[in-house]
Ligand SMILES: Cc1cc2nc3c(=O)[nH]c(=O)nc-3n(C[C@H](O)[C@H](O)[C@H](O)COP(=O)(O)OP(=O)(O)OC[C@H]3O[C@@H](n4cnc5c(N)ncnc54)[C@H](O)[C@@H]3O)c2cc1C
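Next up is one chain by itself, shown in structure tokens, the form predicted on its own.
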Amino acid sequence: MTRRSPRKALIVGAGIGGLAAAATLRRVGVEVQIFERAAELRPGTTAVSLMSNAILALRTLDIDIAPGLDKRGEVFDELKFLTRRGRPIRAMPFRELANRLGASNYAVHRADLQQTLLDAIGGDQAIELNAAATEFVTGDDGVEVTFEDGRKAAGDVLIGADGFNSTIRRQVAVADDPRPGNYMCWLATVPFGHPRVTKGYAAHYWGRGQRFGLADIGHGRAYWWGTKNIPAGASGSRRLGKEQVAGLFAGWADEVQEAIRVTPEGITAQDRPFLQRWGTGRMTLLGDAAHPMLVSLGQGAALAIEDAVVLAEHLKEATELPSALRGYEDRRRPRTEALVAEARALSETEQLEGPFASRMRDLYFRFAPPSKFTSQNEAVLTWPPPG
């Protein structure tokens, strides 16, 4: 391998994690080169929650994406939990905590978040498209990546940010099958208007073995996701058409049924068993490539951005790059493992199907003391995290 440039990071993947890594690494003086397997940047049709911990983490490197999010997304000050017919269970307030922390929580289209991160990188950063990585080799003097078309790229470190189906991850964890959530999940972003879906609206509707999330993401658009329990092991193989999905949510709140009516098809939610080893030599993983999670906490995008900030902190002025990468992994592993597990546990609670169990769930969330949820939210949304 030929080392072409000092302190150069190769980033495989131009999603949220890859773009955040490019922005943070450039901010601390590391040259970056981004590779994306797709022929064009196509972020899909879904949206994400971007919580205050991500915005606060970026500010530690003097990167403030809040102005871009104010322009492109929508702040939500509370999250409503409702029955399937739209009756209140509980409202989870975020405004007071967000004001105290100094950063809001946003619902934003994935494409708009990616554009905000591109702005943070700077307009002169090119992304090499049609670059599907196949393997990498790491050595004492650098790392080299090979692509499907025979191209090779050399640098000082490699960041695998290529998402749930990461090629880079497969070279570290060969036998690593997806772990289904044991439910189907459909997601979409659509032009949407409804009297109950006001500015900044965000709500989860709970049924028995089913749930539905609906959020205003600004500019006359809404993001929704719906789930339905299925037998274990079947979630990667079953697909339902739009009429079947609508039938599953017949009788739910009017805004739920209307959101489905104006929507095309969706996708399945999965995570993977938590990976204890993220890297080797001069290579590491970031975001969904390292720790994919189910949607319940709305923290997938934020954790990828946190990763990018911590990675930049460890690589800044580092002299022993493999040691710096292991230090990044050691710092991130406890928090990400805990939140991946929390997302799965919350998902299982939300998907309870038995009449008694689902009723007890609703009663608990309705009458549990507010301080319990406030402390849990503060531990997740604060940066640096407590402890």
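In case it trips you up, residue 1 is the first one in the sequence shown, and so on. Predicted, not measured: the structure shown is a model, and the values here were computed from it.
Separately, the form predicted in complex with this ligand exists; it is not shown, and the next lines address it.
Residue Ala132 is the only one of Ile89, Ala173, Leu97, Ala132 with a heavy atom lying within 4.5 Å of this ligand in the predicted complex.
The contact with this ligand in the predicted complex, taken as any heavy atom within 4.5 Å, belongs to Gln299 out of Thr138, Gln299, Thr189, Thr116.
For the chain shown alone, Ser49 is a contact residue for this ligand in the predicted complex, at least one non-hydrogen atom being within 4.5 angstroms.
Proximity of Tyr205 to this ligand in the predicted complex: non-hydrogen atoms within 4.5 Å are absent; the residue sits far from the partner.
Contact annotation for Arg331: none of its heavy atoms lies within 4.5 Å of this ligand in the predicted complex. Using a 4.5 angstroms limit between non-hydrogen atoms, Leu25 is distant from this ligand in the predicted complex.
Residues with any non-hydrogen atom within 4.5 angstroms of this ligand in the predicted complex fall in just one of 301 to 309, 246 to 254, 206 to 214, 276 to 284: 301 to 309. Residues from 314 to 348 do not approach this ligand in the predicted complex: none has a non-hydrogen atom within 4.5 Å of it.
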